[in-house]
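First come two forms of one protein chain, each written alone as structure tokens, so that there is a structure 1 and a structure 2.
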Structure 1
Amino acid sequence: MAQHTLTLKKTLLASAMAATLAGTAFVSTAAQAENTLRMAYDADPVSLDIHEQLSGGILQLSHMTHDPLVRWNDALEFEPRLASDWEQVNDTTMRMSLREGVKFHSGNTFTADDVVWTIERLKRSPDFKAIFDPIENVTAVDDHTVEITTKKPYPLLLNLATYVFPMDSAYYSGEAEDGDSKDEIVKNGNSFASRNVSGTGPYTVANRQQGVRTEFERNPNYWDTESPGNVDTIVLKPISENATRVAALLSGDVDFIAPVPPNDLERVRESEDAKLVTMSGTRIIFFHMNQDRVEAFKDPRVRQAFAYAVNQEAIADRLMKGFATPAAQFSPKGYAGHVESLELRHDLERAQTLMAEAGYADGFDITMMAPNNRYVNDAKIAQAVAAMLARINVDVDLSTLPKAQYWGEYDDRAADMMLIGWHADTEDSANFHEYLTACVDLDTGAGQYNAGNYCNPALDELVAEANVEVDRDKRAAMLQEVEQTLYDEAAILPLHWQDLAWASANHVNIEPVVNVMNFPYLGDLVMDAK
């Protein structure tokens, strides 16, 4: 789900329209506010409708203007938010208790009916409906209790709850002035929900000029009185050009930027007026080895030789300038399937021995393809891997393409080795295998992005069992067995998890609010006096 088709383009609309507010009139307070955060991201959220697009920008907006039922903490555990408690009633039903006394920006009271309405809307959103397909129905037991029933036992219901940001059902009901329904979802279009917002979150939208500037004001009636956040106003300005965005921070024009490109990490780190925060991300960058195109790739010894030939640490240190965490498996630390004992296996002598044992001491020729503008240093990474494979006598014909052209080639499996990055939308290990290494099945969609045509039916069965196992420990053991097998059989050639980086002025304490999901919890942000 997290491949390029769901990591959607952050399309910037050229118009500069002032947005209608959710129950408030526009009053610019940025100049008067005691604590104003001037923030520059690489793109602007495409809409105020949090169900219009599944993207990082929209999820960041969601955490500012709304609250989820639950959210991830630093340990990738679930933290109660609008859901204060939950229990698994049976294998297919979860009951959630909701916080009382919570108000939407409009003044309407948050109830279970809003949760029901929101999930039903998610199930008809083009971008979210596939994720929410496992849900059979949602029922309001009373004003502060909901029951969510799945079609079959489903262990990831709490994962889905991190995507449920209850919307103000009363506010979005009825018809807008143009006669259209207020709750309609219009992709890249003009709808009531794309221009208006009423959530329960820490910020209201005070003013918006699409693609130019969005101003947020602190919600004076915010329910979370224990939040340490003290930012009164946030002014978000999109700056797409990396160097310009970094320069804006270092010159003092903005207080917080994201992302920070690898080439500017040292520049920010050495500045006396700014601080840099980095952490390992959860997006795995790796190569597929296509067994249908190259006979040699059917031999696990050859695939293992490729794994031994590639030096992930060198790529992370030299090419990525430390902006990557070398990987030996799909699952990052914190995921259920992560196997702590799996180690990087760069060993050129061992690689050469395996090639000889497989009958390929003299090597062979292959084609390789990678994008050149999708992932950090993607083309350079492919060039480095090609050079490393030359040491085991593999001659690589490398092509790199802009992402707009690359994905069509990827879908056509146009090369023997193809680079891809993947982040599991569900933050769950099963997602990797289902889309990337499962036996390809055009009818079910299994292995949809398996450009290596690796196939192990026993693993498919194990993942299927894990997907209906609600005992989290048992399920983790199953997924770890899957990860171990993929490693042993060298199903893919993992390279690294792409790191994340943010930077801020010294008086902005971003460390406690940034996270591996890459949407900082800005409602909890603390700014010190300058």
Structure 2
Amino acid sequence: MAQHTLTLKKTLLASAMAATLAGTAFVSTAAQAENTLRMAYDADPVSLDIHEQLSGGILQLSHMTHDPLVRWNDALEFEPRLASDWEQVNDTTMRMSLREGVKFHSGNTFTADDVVWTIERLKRSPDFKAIFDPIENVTAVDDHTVEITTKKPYPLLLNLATYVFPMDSAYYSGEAEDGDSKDEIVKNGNSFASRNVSGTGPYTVANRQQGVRTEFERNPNYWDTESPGNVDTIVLKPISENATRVAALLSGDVDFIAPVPPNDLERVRESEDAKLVTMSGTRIIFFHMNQDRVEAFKDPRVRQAFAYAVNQEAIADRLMKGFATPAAQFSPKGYAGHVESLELRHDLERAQTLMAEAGYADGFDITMMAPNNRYVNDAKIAQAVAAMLARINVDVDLSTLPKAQYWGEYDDRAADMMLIGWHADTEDSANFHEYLTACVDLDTGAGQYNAGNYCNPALDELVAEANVEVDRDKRAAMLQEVEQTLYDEAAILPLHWQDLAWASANHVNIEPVVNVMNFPYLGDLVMDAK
């Protein structure tokens, strides 16, 4: 019996070794033939349906598997992609010429109908419909021309076009095997579009195990033959542990990582095997205070007290190691709505006085939720804020979740205070208010991410007016008034604008493809020979 076991073990060992050897041989020949980029993000996209969720992760995916109509270049100007040219026909109509000879991954030809179909689907998407609300309708003039009509004159239509990634309308038409329509949008659910993808983009999805790894392969029929990109395969792995992600890069297990945790910036910068690229960012990290769940939050004095209790500078300095700009408002510097005079208001005594005035000197209990792999140091920031609120006798019950679960809870408004980071989709101040502080309206999608249930109709009106105001100065004044009011009423609890950092191995040229939106244009990525 023992003899037998031994033989069996030996056989197993031998075959395992043979397999390993064969595997090594295969990998080394393959590596010579093609460039493989192994990259690690803190999390992988939650779905393959690019209209399911309005989030950084999904938009990063969109730029890999799809192409937008236009995109921002380094100088924040519009660069033609699937739209080759555009002109304003009248105040409310824009005509766009589309690129010819573009094929989807499925082999279908890209036409104006796909653009119409995609924008109509965007207007149905619970997450996207609010930003696409200004669009009245889209018509295909001929196979490669579309006309987009807005309800009122809308100055940000091209900004919007950066979010239109035409989808393969023929591929998504009809019924899937389970009888559901192929184009349905199911949030945090299982739909045909969340499992299958056909875009025009530089990469196709070859294999995907959610939360484990996703393999992309270069689209052999990619229309943009001028793209310098020479990466044939991308393997994306989520590594949520900060230290592990950095160690994976420094040990050569992966070639590209994002984000780089602030406490490891120096280490990556000093490493000889890796390089670091940083940019000051425009993503605001803040807390919502839910007025529907907590009676006390209806009192502006309580919200102000919270604003006075939090020390943004300490968080930016200590937890973020200076890798963030402390914020007292939504709009970062350079945005139309930025108000220079709004200052940080950390003042513990004032906070305590305000709590006492509101009748809550003894504080109250609240629940708080934050993601733990979405923003840089998100869980630690939440812990720090919970500790700061303890100073005004607010007892916080904090839970931190991976983002795959967090957004489900967020949509349910499952806690009294919820952390979220927001990058203005249109690079414009109005976007903050429309999504985050506008009165919640399920039909228009306004306030889709307003987990505070703050509602001030006067501000909604002001933003609506600003959206049709073509005079830049007048528009800026309106948006600044919105920002000032939000600050005075302490509608939200802003913390900081998070800086951006990416790191890669030396032979991967990430500098030209990363940008302030944090949507790396990986299709144009060039890898040198090692």
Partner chain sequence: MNAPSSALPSRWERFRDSYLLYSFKRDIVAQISLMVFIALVAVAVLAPWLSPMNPYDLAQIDILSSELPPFWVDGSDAEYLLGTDAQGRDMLSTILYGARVSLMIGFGAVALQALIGVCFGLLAGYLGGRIDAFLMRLADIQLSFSTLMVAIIVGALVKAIFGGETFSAYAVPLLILIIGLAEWPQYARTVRASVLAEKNKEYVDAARVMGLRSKRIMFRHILPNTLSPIFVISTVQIANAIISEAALSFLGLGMPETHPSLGSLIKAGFDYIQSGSWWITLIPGAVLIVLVLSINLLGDWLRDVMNPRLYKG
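Please read all numbers here as calculations on a predicted model, not as lab measurements. Counting starts at 1 and follows the sequence of structure 1. Note that the rigid core is defined as the largest set of C-alphas that superpose within 1.5 Å between two forms.
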Structure number, where the criterion is the form predicted together with its partner chain:
2
Just checking, between the two structures are A503 and A247 in a single rigid part?
yes
Per C-alpha superposition, the smaller rigid part rotates against the larger one between the two structures by an angle in degrees of 38
Fitting the two forms on their rigid core, what distance in Å separates the Cα positions of Y335 between the two structures?
4.8
